[in-house]
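The chain below stands alone and is given as structure tokens, in the form predicted alone.
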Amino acid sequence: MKSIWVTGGAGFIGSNLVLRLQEEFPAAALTVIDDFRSGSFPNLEGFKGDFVAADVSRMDWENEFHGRRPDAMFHLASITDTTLQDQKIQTHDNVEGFRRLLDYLRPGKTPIVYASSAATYGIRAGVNRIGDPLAPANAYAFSKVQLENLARAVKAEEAGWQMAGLRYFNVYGPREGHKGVPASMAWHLAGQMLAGKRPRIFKYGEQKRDFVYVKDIVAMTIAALKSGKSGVWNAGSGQPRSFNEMIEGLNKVLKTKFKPEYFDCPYPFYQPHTEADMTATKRDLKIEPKYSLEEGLEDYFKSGWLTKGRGKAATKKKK
């Protein structure tokens, strides 16, 4: 491939993807398109490609690129704050950004991999399988359902166009700290522990999530492109783990001995369990996750990003 574009490439998953693509395809010209609403420039330290600062939902693609199109496209640009209450902004920016992108790429049918979300399944507990009814519980999840609907509609008109969507589950790892509240529980719990506080979780910590390390997510995203296939796949670990286990893993890597502080969950419909069925992903994309929760937390700590910017306590723990 001579050129690869990544929207949202300054964000958490996007920046990890960009830097991995730079290693795997050193001869390709990489272009990141991001407006920094969900991204941060320090995430791209070491990036050697081009950067276009723009909102993909409002940018004039033709005027910006003058008919140039990449050999591959990764679309991760999105408003990722699920608590954003403005349904119009959430839906417009996420859906129209994808629509404009597809309209621009249609003449060349550039292969595209786009980020969907496990949030499309809704709040019901249990194993989430491709083909299950979707039940988005917020505007963010609704917008991701619309991305899948739009891709399916365009694909029906353009049979030879590769469009692959990945439903990301509970991703954690380097370059997420800038997200603030939407960052992973690994990031937030580690912050409390590094500040000398007991990590706070809902009673009694046995709720389970499909925590998946960002390096596995990046590998699956690239595998989706290489597969040449179209469709939607789960991108998780397939191994749900409890919040108590998350704290145990953090205690190990941080060399601490904190016990959880339990408090009542204020949400009546809080999910007790999420789990990605990875059967189709393994079969179609020829890939499966490599990192257990413990291995992911260890790699996260060794990267320096788990303690980065945490202050004196973080510096001491890192040493």
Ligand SMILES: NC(=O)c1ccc[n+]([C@@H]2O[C@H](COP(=O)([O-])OP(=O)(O)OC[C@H]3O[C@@H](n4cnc5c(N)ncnc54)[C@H](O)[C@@H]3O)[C@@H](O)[C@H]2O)c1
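What you are looking at is a predicted structure, and each value in this text was computed from that prediction instead of being measured. So that there is no doubt, residue numbering starts at 1 and follows the sequence shown.
Although it is not shown, the form predicted together with the ligand is what the next lines describe.
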Residue within 4.5 Å of the ligand in the predicted bound form by heavy atom, from 128, 146, 244, 170, is 170
Checked 186, 163, 73, 115 for heavy atoms within 4.5 Å of the ligand in the predicted bound form; positive is 115
query = Is there a non-hydrogen atom of residue 178 within 4.5 angstroms of a non-hydrogen atom of the ligand in the predicted bound form?
reply = yes
field: Non-hydrogen atom contact residue 79 with the ligand in the predicted bound form at 4.5 angstroms
entry: yes
Close approach of residue 289 to the ligand in the predicted bound form, 4.5 Å, heavy atom:
no
Partner contact for residue 306 in the predicted bound form: the ligand, 4.5 angstroms, heavy atom:
no
Within 4.5 Å of the ligand in the predicted bound form by heavy atoms, the stretch out of 64-72, 268-276, 30-38, 248-256 is 30-38
Taking the ligand in the predicted bound form and a 4.5 Å non-hydrogen atom cutoff, the residues of 5-31 making contact are 8, 10, 11, 12, 13, 14
